[in-house]
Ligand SMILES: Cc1ncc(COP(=O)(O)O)c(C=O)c1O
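What follows is one chain in structure tokens, specifically the form predicted on its own.
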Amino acid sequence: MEQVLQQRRRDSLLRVAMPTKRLSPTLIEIDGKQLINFGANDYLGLSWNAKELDSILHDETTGSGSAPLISGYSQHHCHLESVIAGFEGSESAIVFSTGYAANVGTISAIAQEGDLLLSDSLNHASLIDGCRLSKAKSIVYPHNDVQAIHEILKQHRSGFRRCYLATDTLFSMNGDLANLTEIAHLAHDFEMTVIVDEAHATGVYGARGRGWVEECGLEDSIEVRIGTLSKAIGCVGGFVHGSQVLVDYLRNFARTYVYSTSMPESVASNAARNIQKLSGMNAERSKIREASQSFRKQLSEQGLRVPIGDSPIIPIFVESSAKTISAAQRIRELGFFVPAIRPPTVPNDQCMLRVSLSVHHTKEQLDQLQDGLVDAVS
């Protein structure tokens, strides 16, 4: 172990945990220094409900005490599932202790031996691990490459009973969006079920904040939709919504649900409250997407490698792991926290500084960050 860690250190890939203290929706403290935080996924600022959360914690326990099928399924968990189903316009929903557990448990339970399972090369680790744990034949296709998906299906689909495709809708590192409309067409043509993870898209996309599937008009076409409570919803946990049959199946066969302790009741209560706010946050959705477009354009004009788009996840590509670490340290010296993303989280040629926007970030903060990034990366 020590040898492996030493090699990671030499390669500028060693990860360390930094104790942080949140001071406001956009301010954190690390090692006694206050920094403007561009490293959180709290896109709509809903995690900063300190007064509301205090009142909840006074009324409910801090731990559920058991797995959901033993004694850890309270009225708060039941209510949260009902709120999720109503918000998403689905027949039913099921809540997992984490988003990671939702992805791993859902894919490994659904895709079975004798099935074909396609996975995007830049999927989140939890989708990848779900594919690895399933007994299906798994094929990884190049990122967002619809033509490659088509070729795989033409070559392999006829040899399998069922076929699934798993993809993020908003990719967590590159900040780009899945070509869902084209994928849905292929799903229809080849009798394929699409499994999507809306973790980063929920709250940000769609007229009611349901995510990229809603924005694409595909809610009737994509049957298995996974989400998280830990990004725009501002809590922690994961969920799946869809038909009652799907939810009943997962409640019986998703091992990460059956054998995990339920989330605390206080978290379930706060998540339900926050979800009920999402549909009315169109102004916040517009603000963050417009800010992303403008910020990306400004960075590109300064010569930085930034893709176009409007998601709150903005990658600034850097040529090496060592330079990425150096740039992140320089950014901290200038008063900002922007995480350095390196392999194995991303491919070797895609090291980046990853900016995550919040509706609470001001134009002044973004202008200051722009100057800092140009200084650190150029």
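Keep in mind it's a predicted model, so treat the numbers as computed, not measured. Don't overthink the numbering: it's just position in the shown sequence, from 1.
Keep in mind the form predicted together with the named molecule is missing from the figure; the text below concerns it.
Colleague: Taking 4.5 angstroms as the cut-off for heavy atoms, does H76 touch the named molecule in the model of the complex?
Modeller: No - in the model of the complex, heavy atoms of H76 and the named molecule never come within 4.5 Å of each other.
Colleague: Within a 4.5 Å heavy atom cut-off, is S134 in contact with the named molecule in the model of the complex?
Modeller: Taking the distances in the model of the complex, the answer for S134 is no, it never comes within 4.5 Å of the named molecule.
Colleague: In the model of the complex, does G237 have a heavy atom within 4.5 Å of the named molecule?
Modeller: Heavy-atom contact with the named molecule at 4.5 Å: present for G237.
Colleague: Is R210 close to the named molecule in the model of the complex, meaning a heavy atom pair under 4.5 Å apart or at it?
Modeller: No, R210 is distant from the partner.
Colleague: Could you work out which of A268, I107, A199, V204 is the residue within 4.5 angstroms of the named molecule in the model of the complex, going by heavy atoms?
Modeller: Of the listed residues, the single hit is A199.
Colleague: Which residue, Q298, S138, T98, N144, is the contact with the named molecule in the model of the complex, using a 4.5 Å heavy atom cutoff?
Modeller: It is T98 that has a heavy atom within 4.5 Å of the partner.
Colleague: With the distance limit set at 4.5 angstroms and only heavy atoms considered, check whether D176, R289 and Q293 all reach the named molecule in the model of the complex.
Modeller: None of them does, since no heavy atom lies within 4.5 Å of the partner.
Colleague: Taking the partner as it appears in the model of the complex, which of 112-120, 214-222, 79-87, 191-199 has residues with heavy atoms within 4.5 Å of the named molecule?
Modeller: Answer to the contact question: 191-199.
Colleague: Output the sequence-ordered list of residues from 150-181 with at least one heavy atom within 4.5 Å of the named molecule in the model of the complex.
Modeller: The stretch touches the partner through D168, S172.
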